[in-house]
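Each of the two blocks below gives one form of the same protein chain as C-alpha cells; they are labelled structure 1 and structure 2.
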Structure 1
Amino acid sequence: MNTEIITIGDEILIGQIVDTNSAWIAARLNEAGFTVTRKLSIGDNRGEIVAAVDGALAKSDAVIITGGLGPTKDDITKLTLAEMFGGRMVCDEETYMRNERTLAARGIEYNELNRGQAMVPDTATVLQNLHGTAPGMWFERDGKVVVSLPGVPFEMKELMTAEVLPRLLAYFKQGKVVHRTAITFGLAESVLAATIASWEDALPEYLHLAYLPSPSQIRLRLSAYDIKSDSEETEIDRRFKELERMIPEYFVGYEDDTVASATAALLRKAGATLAVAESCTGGALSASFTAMAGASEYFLGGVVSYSNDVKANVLGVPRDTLELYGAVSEETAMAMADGVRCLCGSDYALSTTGIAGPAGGSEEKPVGTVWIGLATPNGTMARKFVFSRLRPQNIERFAAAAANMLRLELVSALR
C-alpha cells in the first residue's frame, strides 16, 4: 500500500525549523509495511494544500499531513480540508472540555482562539490529542484515507502511535513487516561491508540488508516483507547472532542501543563507576551517559577542562607535561584520566583532548586528532584517533570513541 507524507508550514520552507516529522512518520509507516512514495513540504497556502492533497490521492492510498492546525490565522489546514471533503465546522465536545481543563490548569485564559481548536469538520473522525489542543482528523474518500495531525512532534508521535497506525492497519488489512537493526562501531562503512561480505552474501533472498551510517555508529537493518509466520523473525535473529560472532569487537547491540548505552549496561553489570575529564568534547561525553535514565547508578561526575589552567589546577596535570608534550598528547590524556579518577573516586575514568576544528591543527596534529585516556583499577592507557575536519561530527566521534574504549575494556574485564 502506497502512502505520501505532506508537511505544512512556511517555517519549514524558510529553514526556520527542520522537518523531523516526515522522517519519523516514514520510518513508522515502513515498519508497519506501508510504502512511502513521496514526502512533500509546502507552505500555509490554500491552493498549495489542495493541489498537494489531490495529487497525493491520485497516486497513493493514504496521505499523512502534519502542521497548520494551530489557533492562529496562518494555520489554515483544517478549514482547507473541510472544504475539500465537503464538511461544515462543528464543535467536538470532548476536545472542547479537555482543552478548557488543560488551559485552566496551566493558568491560561480559554479565549476564542483556543476554543476554535475544538471546531472540526463533521466529515472527519476526530483523533483525540492528549498532549495538545489541536485534535487529529481522519478523512475517508473512495477507499482512500487522509490523516491530518498537529505539527508539534511529540503530539504527532503520540497520535500516530495510538490512533493512526492501528487504524491504517485495520483499514487496509496490511501484511506484516519485520525490521531488526544491529549497531556497530569502529569500522568505516566500506571496511565493514568488505569484512562481512561473506555473511551478507549468504543471506536468504527474502531478507534485505541496509547500511545506515552516522558519525558515531553504523546500523545494519535486516528486513522481511509481507511475512506469514514467525520463521522470518527467527531467521533474522539467527543471522545477527552469526554477525555478533564474526565481528565481536565492533558489534555494539540492537535497535536504539548506542556505544554509550552498551557501556552503561556493562558498568552496571560490573557494579563499577565512571568519571570523565573532557577538553575537546566539551561535555558531549558526559551528556551521552547522563541523557540515559539511571545514570546516577554508575556516573559520578566530570570536568570540562578546556583550558590548560583547568587541566593543571583542577585535574592535577603537571605543567611540565603540558609544556613538553602539549595539551593534545598521550601524556596529557593519561594525566587527565588519572586526575579525574582520583578527584571523583571512580573505578574508571575517561578523558578526551584533541582538535575538533575547523582551525587549530598542524602537520603533526591535524584537525580531527584526539587522544583518549582510560584510567582503570589496573592502570592507565591512552589511544590516538584521527577523524575528519568537520567539528560537529568530530565531537560526536570523539565521544563515541571514548565510550567504546571503555566498553571494550569492560567486555574484557567481565570475561
Structure 2
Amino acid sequence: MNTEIITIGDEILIGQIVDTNSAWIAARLNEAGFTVTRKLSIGDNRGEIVAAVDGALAKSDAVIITGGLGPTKDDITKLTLAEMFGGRMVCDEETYMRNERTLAARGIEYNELNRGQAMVPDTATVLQNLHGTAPGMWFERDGKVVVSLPGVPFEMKELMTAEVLPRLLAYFKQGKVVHRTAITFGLAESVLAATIASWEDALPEYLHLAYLPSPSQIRLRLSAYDIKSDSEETEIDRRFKELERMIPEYFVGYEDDTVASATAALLRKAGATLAVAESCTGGALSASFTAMAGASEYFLGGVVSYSNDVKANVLGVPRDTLELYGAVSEETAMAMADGVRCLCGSDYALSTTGIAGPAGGSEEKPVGTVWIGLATPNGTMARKFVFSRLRPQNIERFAAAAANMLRLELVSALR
C-alpha cells in the first residue's frame, strides 16, 4: 500500500521553516503499515498543487496533504481540491458553530475570512478539527484517497491520530511493518560494514538493513514489510542479539539510545555517581548528561578547566605535569580526572584535554587530538583519540568518546 505526503507552503520553499510535519506523518504511516514512497513540498500555487496531486494519485493509493488551508488569499489548497474533485461549496455547520464560539471566547470578531473557513466542497467528508478553524477533508476517487490537513503541527497531529489513521486502516486492509534500530559507536561505517559482513549476508531476504551514520554514532535499522505474524519481530530481535554478541564493545543500545543515555543507565544500575573535568569539550560533556531529565540522580557536577591556572588551582593538576608533559597529555588527563573525582566526591570521573581546533595543533599533536582520562574506584587510566579538523564535530566526538570510555568500564564492572 503506497502513500505520498505533500506539504504546501511558500515558507517551506524559501527555507524559512523546517518541514517537521512530513517526518511525523511518515513515521505514523509506517507504523500503521503503509509505505511512504515520496514526500513532496510545493508552494501555494494552483498549477503545482494540481500536478502534485495528480502525479501522486497516478502512483500511490493514498495522498496526505498538509498546509494551505488558512483564511488568507495565499492559501488556495481547498479551492484547488474542490476544482479537482468537483462538487459545490457548502457550509459545514459543525465547523461554523465551533469557530464562532472559539473566536468569541478570544474576543475576535467573526468576519468574512473566518466564515470562509467553514466552507467545504460537498464531495469531501469533513474531518472535524477540534483545535483550529480549518477542517480536514477526505476525498475518494477510484478506490484511492486524498486527505487534506491543516499545516499547524498540533492540529495536524490530532486529526491524523483521531481521524485519518483509523479511516485509512478501515479503508485499506494490509499487513504490518516493523522497524528496529540498533545503536553502535566506535567503528567507522566502512569498518563496521566489513566487521559484520557475515552477519549481514546471513540475514533472511525479508529483513532489510540500513546504515544511518552521524558524527557521534552509527545506527543500524532492520525492517520487515507486509508481515502477517509476530515471527518477523522475534527474528529481528534474535538477529540484533546476535549482533550484540558479535561486537559487544561497539553495541550501545536500541532506538533512541545514545552513548550518554546508555552510560547514564549503567550509572543508575550501578548506583554510582559521576563528575567531569573538561578542557577542550568546554562544558559539552557535562551538557550531554544534564540535557537528560533526572541527571541529578548520578551527575554531581564538574569543572571546566579551560585555562592551565584552573587545571592547577581548582583541580590540583601539578604544575610540573603541565610543564613537563603539556596540557594535552596522558599525565594531565589522569590528574584532571583524579582531581575532579576527589573535589566532587564521585565514584567515577571523566576528563578531556585536547585540541578542538581550528588553531593550536602541531606536528606531534594535530588538531583533533584528545586525551580522555577515567578515574574509577579501582584506579585511573587515559586513552588518546585523533578525530577530524572541524571544531564542532571534534567537540561532539570528544564528548561521545569520553562517555563511551566510562560506558565500557561500567559494562565490565557490572558483568
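C-alpha atoms forming the largest set that superposes within 1.5 Å between two forms make up the rigid core. All residue numbers here refer to structure 1's sequence, counted from 1. Note that the structure is predicted; figures quoted are calculated from it, not measured.
Peer 1: When you get a sec, tell me if the form predicted on its own is 1 or 2.
Peer 2: Number 1 is right.
Peer 1: With both forms fit on the core, has F387 moved 2 Å or more by CA between structure 1 and structure 2?
Peer 2: No; F387 is a residue whose C-alpha shifts by less than 2 Å between structure 1 and structure 2 when the cores are overlaid.
Peer 1: Given a core-based superposition, decide whether the C-alpha of T161 shifts by 2 Å or more between structure 1 and structure 2.
Peer 2: Yes, T161 moves 2 Å or more.
Peer 1: Is it true that R319 shifts between structure 1 and structure 2 by 2 Å or more at the Cα, once the core is aligned?
Peer 2: R319: C-alpha displaced by less than 2 Å between structure 1 and structure 2.
Peer 1: Let me know the CA shift of A23 between structure 1 and structure 2 in Å, rounded to one decimal, core fitted.
Peer 2: A23 is displaced by 5.1 Å at its C-alpha.
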